[in-house]
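Shown below, as structure tokens, is a lone chain in the form predicted on its own; questions about how it binds or moves come after it.
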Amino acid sequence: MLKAYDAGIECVGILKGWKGFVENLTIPLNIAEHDDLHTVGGTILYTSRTNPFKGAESKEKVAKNLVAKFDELGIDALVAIGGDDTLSVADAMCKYSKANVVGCPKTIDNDLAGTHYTFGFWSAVQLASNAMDNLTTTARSHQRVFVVEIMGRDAGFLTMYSGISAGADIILVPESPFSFEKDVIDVLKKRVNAGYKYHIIATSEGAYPNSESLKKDFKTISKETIDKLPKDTYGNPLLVKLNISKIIVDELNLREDLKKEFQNNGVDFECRSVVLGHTMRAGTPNSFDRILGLRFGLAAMKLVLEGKFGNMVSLQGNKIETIPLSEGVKKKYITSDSDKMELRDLLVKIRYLSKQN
């Protein structure tokens, strides 16, 4: 809005995402009322999970109908702010109808291929890291195992970054399906035998066991449990409904061999699950996200002023770049050769080994 006001352009906010775009739900955006908006968490425009293409036989027809809404809404250009679901709709509008649309990456999961970081991600990482730091106090006092569930449907950036930051003892992410026996039970046994009295397990909501482990190690769920999960409007399984942290706790409580290992080391086995959920979206953004959001907004408005539509603003290193929306909306995952994966594995391995020496 700062750049728009400086250029003499009127801004209108579209409420509730694509739902508001379709239903003409708008509010005026007065810079005098929102000049400190970057210091406030959340969104004044609200959100929805509306997918305009749901059930449509022709994406092209829907996209052209959406572009026709520009006249109804009285707008010349649209800055779409969101993740792969939101921006994929914007990309389709550009693909089928040359719409005056610019994309701005905003997803808590940080899973857009077109940018190194989205604004809001680091604030959520800090909140999750702080929560695990606080849980450590209780875990230490009561000699407990805490299983902490962190947002992340199919990308584990939030869990990996906050888990490493907080020094979580086990970190489970969707990108590497885990073996319950090898990655959880064996690690807990080694840790308690090395003298550890408490343990923090960080898991993404979308983390899941590999097929062999699901068949062999799990008593409370099966492949059918996962297959029957409800799906959102974009067709994604609602993995939060699985409640993987509770499942892990339930499975751990069934393991008499693990309880015996704890008792042999003078530790009473007690395990609890904690779902951080939407608490990660709470509070004010940190300084990095405030500045990144402002930089993205400035760059997006420059693209509008220059007529460079069909593009997305992006953070590459420490520079704001421009890339095609079609490239920017692709999904990003933690790769097996990532240094974060290596750090996670070293944190697990070296800790109990060093304690034994």
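Numbering starts at 1 and follows the sequence shown. Values in this document were obtained by computation on a predicted structure and should not be read as measured data.
Missing here is the form predicted together with a small molecule; even so, the following discussion is about that form.
Residues within 4.5 angstroms of the small molecule in the predicted complex, judged by any non-hydrogen atom, belong to 104 to 112 and to none of the other stretches in 219 to 227, 167 to 175, 259 to 267, 104 to 112. Taking non-hydrogen atoms only, His278 approaches the small molecule to within 4.5 angstroms in the predicted complex.
The closest non-hydrogen atom of Lys330 lies beyond 4.5 Å of the small molecule in the predicted complex. The closest heavy atom approach of Arg153 to the small molecule in the predicted complex falls within 4.5 Å. Contact check for Glu149: every heavy atom lies farther than 4.5 Å from the small molecule in the predicted complex. With the partner omitted from this view, the residue of Lys69, His34, Arg49, Arg295 that lies near the small molecule in the predicted complex is Arg49 [heavy atom within 4.5 Å].
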